[in-house]
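Quick heads-up: it's one chain on its own, the form predicted alone, in structure tokens.
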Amino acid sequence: MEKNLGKIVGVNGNLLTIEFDKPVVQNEVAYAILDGFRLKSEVIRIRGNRAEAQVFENTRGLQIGGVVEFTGTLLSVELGPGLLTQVYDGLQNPLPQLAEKCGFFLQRGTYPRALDAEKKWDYTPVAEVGDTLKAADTVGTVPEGIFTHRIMVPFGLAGKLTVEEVVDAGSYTVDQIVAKLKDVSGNTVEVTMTQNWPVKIPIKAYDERLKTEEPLVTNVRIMDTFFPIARGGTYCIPGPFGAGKTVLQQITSRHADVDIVIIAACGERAGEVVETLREFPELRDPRTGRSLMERTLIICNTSSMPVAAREASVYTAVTIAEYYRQMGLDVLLLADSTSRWAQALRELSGRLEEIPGEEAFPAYLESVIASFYERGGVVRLNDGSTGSVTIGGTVSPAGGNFEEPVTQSTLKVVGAFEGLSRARSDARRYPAIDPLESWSKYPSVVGEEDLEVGRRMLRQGNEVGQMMKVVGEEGTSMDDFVVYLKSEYLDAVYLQQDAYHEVDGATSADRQQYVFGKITNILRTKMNFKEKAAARTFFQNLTQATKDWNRMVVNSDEYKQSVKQIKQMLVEVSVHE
């Protein structure tokens, strides 16, 4: 087949302007040829007989008159067994293989295959000759770690297909044919364990998209109780530098009630990404007792890598998440940080000379962010099972300003807002989620009546605290002072959590319901103190007793004794009507 070649007529940073004669399509992959190197790029705009393509590599050496080869295929990822435990860059190049091949300094134009072509998988056929299938139906399965990886009919096939041949159970590589299907036109389709899918197109080979109603338990109390996340929902964690975004993401990835975690480091600092790469293999998965990395996949595109690949890394991650959702699994996708992805869009928009929006971000920023988060959700598959993709993105607004465009565009499309506060992180109140600024549209793991008691106490306590800064403690009534102490107590024993403690680091939904019920009972109790010093001393002792309770194993002897102790402490100060 004759190659489709174009000629470079303009170079602006990583943006090439290319003249072409044969047809070219949007999002098509093209390779700029330079001294034997083939530099990967993506067509992002077509005007007349000129195409503009962003190069995912350093463009040093490219010049007017250079040759570009169009491939006729869209920017895609390879899907199949072997994705889990891998560390990829934004273009799905496996970084360990790149390092092995290139050393410490990665060479331009080096694109190893995403999946191991030599490894053999134990394949078990599911479909039989004569069966009628459609896109995403299961042909066979292979074990991938603790999961059963479904080998599916390619998602892009339309209509009904008839199974003509299937291989016997045995060990096969990802490229060997495991089934042959015949479509309605009589054409034969060969099925292997892999398939490619364009990253900018959502995978919709399912029966129905469902409403997100079931809470996704993260075992982080302030999130599950006050600002819950739904399975298949979306949420964002904006906050200033050093407020704990990355730590909160790691806690969530470890303890959240999901099957698979995908981390997309889209422009995060290299130091933080290296820390993640070192820590994850060492972290113990509470569900299996094995390495957390066995059900994790990392897409690694740091701020020191080519800026153009940041956008690709986000779409690569969400496409892989959708792939595992098609197997009936629950996937959590964590994007860190979407602000740097948006900065890449801003840089690209400037080179395209588009009319800028607020703070020079592209005018279509909101729609791009919305289209990304909309790829989450719960779906019912063809076989009746369900799968989900929950998307959580961190935002790094300059100076912690939540009014900037990326944060505001994100807030319009997500279902929960977990805003981190500089004041709380400075006070070492972790997780530093601001209980007065954050919100969620999803149902909590606790009852609405108890939840409202907690919310009201936090609001009233904050108001009294602000007043006390002006009039002092002596100018505050005893009733108001007790309200303030109650809100501080709720904050200290429930909103704050020791992420590094074996018990307190993860609180189950059942324990949250029980503990929060006890705490709201304390908040509702009318108390009698003769002086403010006595009230302060009581709440200091109560706070310490409750913190100790949080660190005790459920239903242990000391746990039961602690419950009795707190109950007795409450009886001594209660007003008996």
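Not measured: the values here are computed from a predicted model. A residue's number is simply how far along the shown sequence it sits, counting from 1.
Keep in mind the form predicted together with a small molecule is missing from the figure; the text below concerns it.
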**Q.** Listed range touching the small molecule, judged in the model of the complex by heavy atoms within 4.5 Å, from 285 to 293, 163 to 171, 383 to 391, 423 to 431
**A.** 423 to 431
Q. From the list Tyr364, Trp439, Phe241, Tyr111, which entry has a heavy atom within 4.5 Å of the small molecule in the model of the complex?
A. Phe241
Q: Counting non-hydrogen atoms within 4.5 angstroms of the small molecule in the model of the complex, say which of Ile201, Met478, Leu411, Val247 makes the cut.
A: Val247
Q: Classify Val189 as contacting or not contacting the small molecule in the model of the complex by the rule of any non-hydrogen atom within 4.5 angstroms, answering yes or no.
A: no
Q: Would you please decide whether Ile251 lies within 4.5 angstroms of the small molecule in the model of the complex, comparing each non-hydrogen atom pair?
A: yes
Q.
Tyr500 versus the small molecule, in the model of the complex: is there a non-hydrogen atom within 4.5 Å?
A. yes
Q. If you check in the model of the complex, is Glu359 within 4.5 Å of the small molecule, heavy atoms only?
A. no
